Structure formats: structure tokens, C-alpha cells
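We begin with a single chain expressed as C-alpha cells, specifically the form predicted on its own.
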């Protein structure tokens, strides 16, 4: 029996949802450093700690929080971290180490506007950073959430994926999701048949090295370029084999869509509502959402765009998602346009008007 019995309908903030989801997934320790808008994740976690025997350490900075998260995982504890904005930038060093050494860990990113400190409220400007930051190849698992239910479901899934495939996993939220309240169903994952991570020491497992088991040899420093490449190619092969088991997307009214709106995260909610508004105007519109940004659901996107005459990417960033879409739809003979509002929320009405204008421009250009 898990810490949550059956299902419970709750009304809470996204940050509170994250703490409950991590608890339900079996996490035992959180490491972090305060930064808005994720601070309440730490607050809720420490509030639950005495009742559920949890651990928390506020480190001296984000670098230390990231490395402590990896240390906990190496010692056999299911650990996680949460951050935003400049903290996400600083944590790219331990995240890169997790990629190289194949250390499982989960990060929750509640995006805020940038560059630098900028605004503490909201953006989708950490999309590219979270997917491809660091100095490696971006061998990560990144789930983009659109609701509190997504937050709960995909935090649990992130723990499973990280420990099963030994790649760092991320839940990409935002400041709006972090702070607002909405209904969510929290549940016992095991009771729902959801696979959970299994904790075991990585650095010092049981048994005698070279007698009962192979020695644990974890490295992130190599003597020659070819040695590094050999290890990376093995990791890349593992990532490619894992991808079909991880990739997820959502389609909405795409079967006959002549205009396809692509959005992720909380903007997806506006995109779905906008599609209904466009259809009321007689426009055959549909919407596509990549749930996993890494690995990206390329085949699903191509299938959703099969009937499209115009693709419109709506995001609270200046082309970060759009560049991913263009890359995955390379050589497609369909115009790709953007409704790009870096650091600003996007309403359904704005998408409807933006799509209408872009469709007129596309017709005049054609």
C-alpha cells in the first residue's frame, strides 16, 4: 500500500502536486536551493518529511543541490531536485554529469522569464535549455506538462523512466502551473498499476567486486577523444533504443485539419480552445502537443500534419519550440509560422486571431 490510499480529489497548487507526486513515486530525499517560482515544492516536502520519514537538504547554491541529488542516487536513494531560470542554468553542470555517468535523477523545472534574473513569474523560455543544455548531446527525458493532473502523472513517470533507463528525467512546468490552484486526482501508483522506480545502491552495490559482481566503474573524464566517443556512442544507442518506449504526444481534431496548431505545456490549453473557436468560424483546425520534448514525437507530428496546409506554432518563447518543429518536419512542403510571445502567456483568443492573420498572409504569399 502506498502513502496515498486509492484516489483522492484535491484542490491544490502545482508545486504542492509535485511534492505529493514525488512522495507517491517513492522519492525519499530532495535537495534544493530557493528560487521562485518553485520554492513551495521544498516547503511542502519539508512539511511532509516528519510524517513520512523524508529527507531534505538546502545546499549553499544550485550547483551543490544538483550534485547532492546525484550523490543521493549513487548511494541508493530515490532523489529529486527542483529549480527555475538561473538555477536551471547553473544545474547544467551536474545534469551533464548525470548524462555522462548515467546517474538517475529527476528535476522539476518551473520556468520563469529570462535571460538572467528577469521576471519570476512565467515563460516557456527554458525549453531549449532543459532539452539540450550542458556540454553533451542532450541525452535526457523531458516531459512538458499542461495541467496539475499532468504534473502528478508525469512526475511519477519521470522517476520510473530515470531509474529504468538511467538517464536524467525532467518535468517541465512553469510559474503559472506552480502557483495556480486547480482540481487534481492524486492516487496510489502501485494500486493503479503504475511501475515505480526501484532503489538500489549504484556506486557500492552488494557483493564483492570481481567475485560476486563486476566492479562499478563510473567515469566522466577520458584520456583521449576516441575513448570518449566510444562511450558516447554506446549511450546514444541506448537512448535511441529507449525512445520508442518513452515518446508521447496528444492530438486534437487533427484528422481533417488544414491548419495545425502546435503547442506544449500550459499553452496547449489555449491551443485546444482556439481550435474550437476556429472551427466555429468554419476553419478546419487541429492541434498537436508534444508531451515528450526529449525524445521528440517526430512520427506523431508528421502524422498530425498529414492534411495540413499551414502549421502554426504557439509558444511563450521566441521560436524554441518552433525550431524543434521545423527540424522534425524538414522538407515538408507546408508553411510553418509562429505566434511567439517570449515570457508572456497566450490566450485562446490570441491564437484564433493570430492563426486567422497568418492564414491570410499565407494565402497571399501562395
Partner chain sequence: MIFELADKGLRPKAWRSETKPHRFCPGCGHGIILKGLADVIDELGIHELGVFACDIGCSLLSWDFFNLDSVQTHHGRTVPVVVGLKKVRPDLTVVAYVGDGGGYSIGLQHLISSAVRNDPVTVVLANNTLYAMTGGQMAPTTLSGQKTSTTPYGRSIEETGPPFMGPEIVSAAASDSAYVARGSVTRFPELKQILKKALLNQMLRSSFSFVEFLSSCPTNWRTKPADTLKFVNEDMARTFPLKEHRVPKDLS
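Just so we're clear, the structure is a prediction, and the values are computed from it rather than from any experiment. Positions refer to the first chain, counted from 1.
Omitted from view is the form predicted together with the partner chain, to which the following refers.
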Contact between residue 44 and the partner chain in the predicted bound form at 4.5 Å, heavy atoms?
no
Non-hydrogen atom contact residue 195 with the partner chain in the predicted bound form at 4.5 angstroms = no
Answer with yes or no whether residue 55 is in contact with the partner chain in the predicted bound form, where contact means some heavy atom within 4.5 Å. yes
Check whether residue 63 has any heavy atom within 4.5 Å of a heavy atom of the partner chain in the predicted bound form, and answer yes or no. yes
Within 4.5 Å of the partner chain in the predicted bound form by heavy atoms, the stretch out of 279 to 287, 200 to 208, 182 to 190, 253 to 261 is 200 to 208
Assert contact residue (the partner chain, in the predicted bound form, non-hydrogen atom within 4.5 Å, options 247, 74, 132, 121) equals 74
Of 243, 216, 89, 232, the only residue with a heavy atom within 4.5 Å of the partner chain in the predicted bound form is 216
Within 94 to 111, the residues having any heavy atom within 4.5 Å of the partner chain in the predicted bound form are 96, 97, 101
